[in-house]
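What follows are structure tokens for two forms of the same protein chain, given separately as structure 1 and structure 2.
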Structure 1
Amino acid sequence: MTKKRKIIKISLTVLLTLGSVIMIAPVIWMISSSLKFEGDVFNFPIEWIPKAFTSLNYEKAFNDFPYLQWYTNTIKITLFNVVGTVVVCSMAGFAFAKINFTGKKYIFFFYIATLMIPVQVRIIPQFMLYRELDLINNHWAVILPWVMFNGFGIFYMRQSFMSLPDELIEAARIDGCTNTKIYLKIALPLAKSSLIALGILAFIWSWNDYLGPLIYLTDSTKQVLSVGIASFKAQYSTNFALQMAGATLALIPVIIVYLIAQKYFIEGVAQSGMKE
């Protein structure tokens, strides 16, 4: 390795390290603040490790709010969204990538076009539709939009299946496999990384979704964590330690899921970009 390349490599390493520290510092401050008494939160210089630890903020979050119910609701909605998104998007992506049928290009264009419409534009007609279907204050009102109209997920899985050789699909058809068997026995196992990556994205989207639950779920016992934590601010606007405790509890599952599946996430993103 030449001297110039060594300098470039060391410089990049230093820059990436600094960037990582800047990115993770707010998260560490959040966790640290959640374990402090309210009066110690804004001490300066910052006490990254609290001098006096307390679990009162976490106890208050569970005792003063239906936090456990919000957790249960969020897990339920997220599981339905992840499973539904992976199943529907993989089936649609396979059809658009490997099956020829009339109007395929136009239907695919319709789904891609939905990516260009901001969520805020769809809120009023979507609310009126759900009201007619009696889905207001029902968890299905939050689940259905992610599962049925996920243009990005369909596009992502189509790109992944496009990377599979056409010769492999044709050989399976010559051997008598139906499209269903090809999808289940050949395409899905080969696209495992992309499926997991899409599942992780769906998990994060659903777990952090705020606008949908805020509009469609009116009962506090049916709410999710993202909206519930916001109510902390309304009731305890000056108690930042309590707010940080609520945010820390909400963040833990996201970190765990990402750490477990990050290998597949990187592989899946790389696989989906192999072929245009």
Structure 2
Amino acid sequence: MTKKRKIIKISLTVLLTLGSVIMIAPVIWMISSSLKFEGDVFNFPIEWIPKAFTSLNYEKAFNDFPYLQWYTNTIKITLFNVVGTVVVCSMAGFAFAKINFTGKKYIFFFYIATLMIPVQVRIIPQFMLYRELDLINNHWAVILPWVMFNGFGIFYMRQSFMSLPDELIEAARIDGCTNTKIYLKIALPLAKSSLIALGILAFIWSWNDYLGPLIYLTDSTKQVLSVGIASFKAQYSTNFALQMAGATLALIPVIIVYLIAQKYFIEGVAQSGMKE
């Protein structure tokens, strides 16, 4: 029996490892191709480790495109989005969970109802609004909508604050704490793991955002990585090694962040779904 169990355990492990290899193979292939000469990219069978290494593709990527600028823009926008989302959503979530203000139920209901409205319905009027406000080509155009209203984030933070015991909040009120103080000194520290999870989700959303930057940012120097990479493919449709270098440059930072913070990434996603 135990021997049979061990065989099952080993074969399951092998099977799942094979599956996971298929999942990450595209990424490995991308990195290896980015270091090859164009003529070697499609050699078959695949040379996972290039026979001849070259850094030419990377040099060309940096020289032909404002790559560094795209990096800076993406990092800046993502930073604003992550910090802003966490602050704004936690404030609103706290109010909905622990402050009794008039009309709270109705407002919350409307907020949740907006989860049903797809982004695509709002992009055209938003584009016209930005033109009026002269926000086209301005990074605020892609930061503000994320930060100022994130229905999911508000809901998520409310659920998290709901689980804090009311007795604790009441005790603090009796001691003379204002709502602001309770939020800052009690609620935020206790909801730390939810805040981290939301921050990580905001990071993925912001780093991957494509439609917003594509429409609202038109200057190449204002652009972000996700749109920049796509233009790479359009412009160098035949130079695959160069395309892979461009893709690698966009992916490496996320993958590094992911591998370092994977525990939080995965837990954050697991939590966010469970509470829905």
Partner chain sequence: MKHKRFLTKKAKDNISGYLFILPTIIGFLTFMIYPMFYSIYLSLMDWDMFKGASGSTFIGFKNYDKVFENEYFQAGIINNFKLTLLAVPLLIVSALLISTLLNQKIYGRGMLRVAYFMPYVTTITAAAVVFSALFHPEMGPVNGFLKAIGIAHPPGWTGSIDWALPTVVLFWVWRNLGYCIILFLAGLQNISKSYYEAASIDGAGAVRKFFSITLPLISPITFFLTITSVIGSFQIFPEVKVMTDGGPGTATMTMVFHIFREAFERYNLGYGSAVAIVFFIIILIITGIQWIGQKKWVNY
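On a predicted model such as this, the values are computed, not experimentally measured, just so you know. Residue numbering: structure 1 sequence, from 1. Under this definition, the rigid core comprises the largest set of C-alpha atoms superposing within 1.5 Å between the forms.
S.K.: Between the two structures, is it 1 or 2 that corresponds to the form predicted on its own?
M.R.: If we ask which form is the one predicted on its own, the answer is structure 1.
S.K.: Quick one: degrees of rotation for the smaller rigid part between structure 1 and structure 2, relative to the bigger part?
M.R.: Hinge rotation between structure 1 and structure 2: 10 degrees.
S.K.: When the rigid core is overlaid, by how much has the CA of I10 moved between structure 1 and structure 2, in Å to one decimal?
M.R.: Its C-alpha shift, to one decimal, is 5.0 Å.
S.K.: Core-aligned, what's the Cα displacement of L259 between structure 1 and structure 2 in Å?
M.R.: Between its two positions, the C-alpha of L259 lies 3.0 Å apart after core fitting.
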